[in-house]
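The chain below stands alone and is given in structure tokens; this is the form predicted alone.
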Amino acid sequence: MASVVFGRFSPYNTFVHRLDPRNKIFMVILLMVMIFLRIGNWSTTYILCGVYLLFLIIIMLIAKISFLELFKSLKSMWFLVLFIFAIYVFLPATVEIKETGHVAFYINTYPIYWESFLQSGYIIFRLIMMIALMMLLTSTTTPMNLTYAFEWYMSPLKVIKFPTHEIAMTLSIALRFIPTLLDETERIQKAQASRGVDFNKGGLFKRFKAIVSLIIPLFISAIDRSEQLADAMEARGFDPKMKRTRYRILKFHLRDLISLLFVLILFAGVLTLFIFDKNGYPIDILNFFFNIKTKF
């Protein structure tokens, strides 16, 4: 559990950390939408994946986010990665792949297509990018700033008496207690292991009993912490219906404008490729640059 970094804020004073949290949430949403814009041509798709990966690496270097932490967070996903790979490669191919695909090899008489490998790799890449972007957001933004940003986005709902502040406060508490509950899980797991509970060996029923011995104390601890937090907030006179002021006011700076324009330009370029592809005008970036090179 110590390897899970989602929800853990890294206190650095970098360019990414100083960005407005509202701007960061919007840019993360744009990047996620951009990743899911599927281009029909595989060479173009994987060139764009390389651009996304390069962009992520640069942002992580600027934000001083450790790549080792990202790999540790992805360590628990290997089973899901292998499952996705098996689903796309070994299950019967779609009609489109059967008609236009290229056979890589045969298992007896069962064909395995190169396009199945490309499709599974693209799905796995999108999954990893989503986790990396969310880790980048939570590692460079404090839970309180995330709460302010979500509340700002939900502020138009106040017209219909939607409890935006209560929802934002609940979200803030949930984000705040993710690292705490992970540490508590690790502590309980070590305590149960010292009492002879083995979480890695045994049959299905034995492992289920081991997990129950972990989950029940964790739920009891979480309920106890929630009661303590509620008592502390009530003792300090917290009233969610009262109008509140803030010590720190979120402001949009020049660095936010520059970063937003850069992401918007990147998004507009990918969206243009996607629209041309869907309208029957596919663009092959690899052949495009190859033709330019041969002309010169």
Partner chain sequence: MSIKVDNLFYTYMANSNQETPALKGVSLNIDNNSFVGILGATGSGKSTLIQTFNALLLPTCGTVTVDEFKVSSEKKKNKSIKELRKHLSLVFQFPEYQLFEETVEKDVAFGLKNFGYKNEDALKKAHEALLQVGLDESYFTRSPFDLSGGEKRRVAIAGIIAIDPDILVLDEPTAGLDPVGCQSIMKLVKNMFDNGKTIIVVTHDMEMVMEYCQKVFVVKEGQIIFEGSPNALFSVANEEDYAIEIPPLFLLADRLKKAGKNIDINKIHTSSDLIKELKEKRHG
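Positions refer to the first chain, counted from 1. Just so it is clear, the structure is predicted and the values come from calculations on it, not from any experiment.
FYI, the form predicted in complex with the partner chain isn't displayed, but the following is about it.
Counting any non-hydrogen atom inside 4.5 Å, which residue from 187, 207, 158, 75 sits next to the partner chain in the model of the complex?
Looking at the other structure, the residue within range turns out to be 187.
Considering 80, 134, 216, 104, which brings a non-hydrogen atom within 4.5 Å of the partner chain in the model of the complex?
Residue within 4.5 Å of the partner: 216.
Even though the partner chain is not shown here, does residue 130 get within 4.5 Å of it in the model of the complex, heavy atoms only?
Judged by the heavy-atom cut-off of 4.5 Å, residue 130 is well away from the partner chain in the model of the complex.
Would residue 11 sit within 4.5 Å of the partner chain in the model of the complex, counting heavy atoms only?
Close contact exists here: in the model of the complex, residue 11 approaches the partner chain to within 4.5 Å, heavy atoms only.
Check residue 54 for me: does it contact the partner chain in the model of the complex (non-hydrogen atoms, 4.5 angstroms)?
Taking the distances in the model of the complex, the answer for residue 54 is no, it never comes within 4.5 Å of the partner chain.
Might residue 193 be said to contact the partner chain in the model of the complex, defining contact as any heavy atom within 4.5 Å?
Close contact exists here: in the model of the complex, residue 193 approaches the partner chain to within 4.5 Å, heavy atoms only.
Choose one stretch from 144 to 152, 105 to 113, 160 to 168, 207 to 215: the one whose residues place a heavy atom within 4.5 angstroms of the partner chain in the model of the complex.
Looking at the partner contacts, the answer comes out as 207 to 215.
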